[in-house]
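First, one chain by itself in structure tokens, the form predicted on its own.
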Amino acid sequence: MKISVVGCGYLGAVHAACMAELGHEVIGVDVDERKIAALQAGTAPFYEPGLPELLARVSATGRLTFSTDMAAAAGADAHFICVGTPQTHGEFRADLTYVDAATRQLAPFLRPGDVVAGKSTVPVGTAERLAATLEATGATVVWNPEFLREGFAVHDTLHPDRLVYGLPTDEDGVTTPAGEKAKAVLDEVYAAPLAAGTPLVVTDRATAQLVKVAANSFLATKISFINAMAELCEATGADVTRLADAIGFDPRIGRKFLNAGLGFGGGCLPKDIRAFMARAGELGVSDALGFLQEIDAINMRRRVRMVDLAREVCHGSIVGRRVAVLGAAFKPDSDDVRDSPALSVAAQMQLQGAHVTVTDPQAIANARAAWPDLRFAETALEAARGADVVLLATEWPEYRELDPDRLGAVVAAKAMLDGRNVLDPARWRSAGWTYRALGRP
């Protein structure tokens, strides 16, 4: 099939490359000339494992091209909207500027029967509004939410754990004839994963728009729950990692995402739960999502508590102390620093008088652009040289595998703050380190 992908950021670039890998002819469109030039050259404009190799492979086939001209999307059977929906400045609601602009610019190039499939995470009701905007074109608007994990995006696109189609329905909830035709188009787009047994959920557009934000809200709730338990563990001398292990054996709960520490960040969970709350308020059901306010608050408290922990190991003050922060990305296998807990803590400590040096295997350039006042180092050993305290803030494998003796040879004081609860306390303490972590004695 011929497919257009509108918006070639993290979601769009991965989706475009993967659709070409599945055999489709794909045109990616974005207004950012530098991004398009990089993608045309087969270069990923951000760090994502496996994407550079995929881009090189599919670009060589001629099935994947990129353009800054929306007219290049003309003639495609399906158009995927993959633009960003950031948090509105000073508010909780999602900023739909890019979604609306992409839709307006695409409209002149649509034909009756074309499928416009939204993948961006949007407030419920957006698809219906866009459908009204595009009604005169004869195109059919559907919602096909994405479920990518940064660091695993290529795998998650080529081998998704589920596919969701949100199709237009009539007053009785029955899919319209246009919706049935759109489903057939999507079935052809995703023929390979469907043939491999990927579960398919076919529903209405409203439900499809809720799926991603509901999933992210559930994950955020689970993470904040165990971090709330960490607060109780600190007050009682209990160990939150053992608590998580014990309750995680319950199949109704599960161990995944029960890892206490600095909490969640990135470009999805924080802004998505806030936008969800804002939309609930607009719909008059704010009480239904009131609990998400506390989820957000628990998450942010972890960052403040980590600064307090640094102060404790520095005997009451971090003023003038040298702090090494290992990690800048919000998670490993990514260079994304949006709402990064690691950088948030680093900046807070610097503002409170500490001399902070940050390192990260992939995210230094992005971190320096976001926080130019921080100091940066290329390696953990370089960042830790002369440090009074070391904070493991992003659980990159190379930080989890650090040798406490080798690191201890370069620091001024052996004080380790394990912000992700991934180190072995006994190993570090036996090497002479003071080891502290959130929710552990």
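All of these numbers come straight from a predicted model, not from anything done at the bench. Residue indices: 1-based, along the sequence shown.
There is also a form predicted together with a small molecule; it is not shown, and the following applies to it.
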The small molecule in the model of the complex has a heavy atom of only one listed residue within 4.5 Å, and of 343, 240, 268, 116 that residue is 268
Looking at 210, 278, 219, 192 here, can you tell me which has any non-hydrogen atom within 4.5 angstroms of the small molecule in the model of the complex? 219
In the model of the complex, do 327, 368 and 376 all put a heavy atom within 4.5 Å of the small molecule? no
Does the small molecule get within 4.5 angstroms of any non-hydrogen atom of residue 147 in the model of the complex? yes
So in the model of the complex, is the small molecule close enough to residue 331 to count as touching (4.5 Å, heavy atoms)? yes
Can you tell me whether residue 257 touches the small molecule? I mean in the model of the complex, with a 4.5 angstroms heavy atom cut-off. yes
May I ask you to state whether residue 15 is within 4.5 Å of the small molecule in the model of the complex, using heavy atom distances? no
Where, among 76-84, 95-103, 139-147, 193-201, do residues come within 4.5 Å of the small molecule in the model of the complex by heavy atom distance? 139-147
